[in-house]
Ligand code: NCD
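Below, in C-alpha cells: the form predicted alone, a single chain.
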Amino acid sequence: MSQQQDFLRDAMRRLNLTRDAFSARLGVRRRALDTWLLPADSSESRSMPEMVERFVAEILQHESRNTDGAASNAPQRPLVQRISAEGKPQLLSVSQFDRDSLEDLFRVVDVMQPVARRQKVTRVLEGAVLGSLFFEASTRTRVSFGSAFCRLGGSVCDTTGFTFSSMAKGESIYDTSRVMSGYVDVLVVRHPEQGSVAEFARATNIPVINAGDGPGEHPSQAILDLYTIQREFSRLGKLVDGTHVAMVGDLKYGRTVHSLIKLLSLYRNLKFTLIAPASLEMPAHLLELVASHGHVIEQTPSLEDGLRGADVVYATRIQKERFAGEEIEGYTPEFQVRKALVDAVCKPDTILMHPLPRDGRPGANDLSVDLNHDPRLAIFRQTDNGIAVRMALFAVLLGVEHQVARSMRDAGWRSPSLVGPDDAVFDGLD
C-alpha cells in the first residue's frame, strides 16, 4: 500500500496537479483517490484498481514524451551526477539543484519513508561510517543526520565543538579533511564560518554534506522544508506554484531561509512576504535572485500585515551568535507568531513552519508554544521528514538509492503510529 501511495503522490508531483485536478484527469471521484492515498492501516484505505494504475502510467509516459521529445530516448544521467559539486558527490549548496533533480530526489525520499517511520528496516549502508564534524553546537541536525545514517545500516563517529579538534592546535582545514577522509566514508560538517565547508570538500573526494556554514546555507534543511510543504499541500489540494510564502524573523543571518528561498525560486509565480525589522532584512543578492525568476517580493516590518493571506508562514529565531557587536533594533516581542494573531489574519489551512530550535519562553519573539495543539503547526512533521530526506541524500551520494526498496524487511520491534501524544493525523501522511 505504501508503494501505491508513493506512486500516486509521485504522479501528482510530476504532472503538477492537485488532488481535485488529478482525480478529474483520471475520471474518478475525489473520494476514491483519497482512499487510495490513505495509509495501509486505515480502515478506509482501498487498493487502486490495476486498470487505474496502468492509466496513470500511460499518462506519465505520454507527458514525458511531450515534454522531452526526442531527448526522452537519451539515457538520463544518474541523479548524483546531476547534483554534484565540481564533479564530486557532495552537497554544499541548494544551487546544485534544479526543479527536475529536486523532484527526482523527492521520489527517493518517498521510498525512504517506511524506514524513517520505523515500519521497515534496510542495511544498504552496512559497514559504512559517517564522520559527523560539528564545530558549532547542534542537537537536532547532528542527531537527525546520525539517525538517518544508522537507519540505512551505517555507523557514526560523532564529534561536537571546536576544542575537541586538532584545528584548535593550528591544524588546517585541508589536513583535517584529508585525515578524516581516511577514517570515514562520508563527512557531514557544520562550521561557524561561511565557505568553510566548501574548503573541507575541496580537500577530499568522499561525499561531504554541508550541515550549516555560518550565515551561509543549510541545504538539507531547505530540502526537507520544501518536501514538507509539498506533502502538506498534497493533503490540502494545493500546488507550490502560485503560493504565498511569508518569512518571519532574522532574514539577514538565518541560513535556513537563505537556502529555502533559493529552492522555492525554482517554482513559478510565487509571492514572498518578508517580515523583519530593517536591521534583519534579507540580503540584497537573494532579493535579486528571487526577482530574476519573476516572483513577487514584499517587505514589511508589520507582522500582522505580512501574515495576512499567506499559505505558508516560515518563522525563524534570531541568530544571536551571528552578531558581532551589532545592535538588534526593532525586533520586539511584537514579532511573536502567536495563536490569537494566526487565528485573526491567517487562513484555516495556512501551514506554520520553523527550522527549530524555537524560543518557547513567554513573550519571546518567535513561534509561540500556544500553537502546539493547532493542526496548522507543521514543525514536528518537518523534523520527522528530515530523517527520510537525509537518508535519501546519503543513499544518492553513496549510490545505493536503487537498492533500498528491494532490501527492506519489516521492523522487528513495535513502534507507535504517532510519535508524539499531541500529533495530528492527516490523510495519506500518517
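Residue numbers here begin at 1 and follow the sequence given. Since we're looking at a predicted model, the values are computed, not measured.
One more form of this protein should be noted, the form predicted in complex with ligand NCD, which is absent from this view; the next part is about it.
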If the cut-off is 4.5 angstroms on heavy atoms, which of these, 297, 356, 236, 85, is the one near ligand NCD in the predicted complex?
356
Listed residue that, although ligand NCD is not shown, lies within 4.5 Å of it in the predicted complex (heavy atoms), from 113, 122, 256, 177
256
Taking heavy atoms only, is residue 221 within 4.5 angstroms of ligand NCD in the predicted complex?
yes
Can you work out whether residue 141 and ligand NCD are in contact in the predicted complex, taking contact to mean some heavy atom pair no more than 4.5 Å apart?
yes
Residue 151 within 4.5 Å of ligand NCD in the predicted complex, heavy atoms
no
Any chance residue 339 has a heavy atom within 4.5 Å of ligand NCD in the predicted complex?
no
Using a 4.5 Å heavy atom cut-off, which stretch among 345-353, 283-291, 266-274, 133-141 contacts ligand NCD in the predicted complex?
133-141
Within 177-193, which residues have a heavy atom closer than or equal to 4.5 Å from ligand NCD in the predicted complex?
190
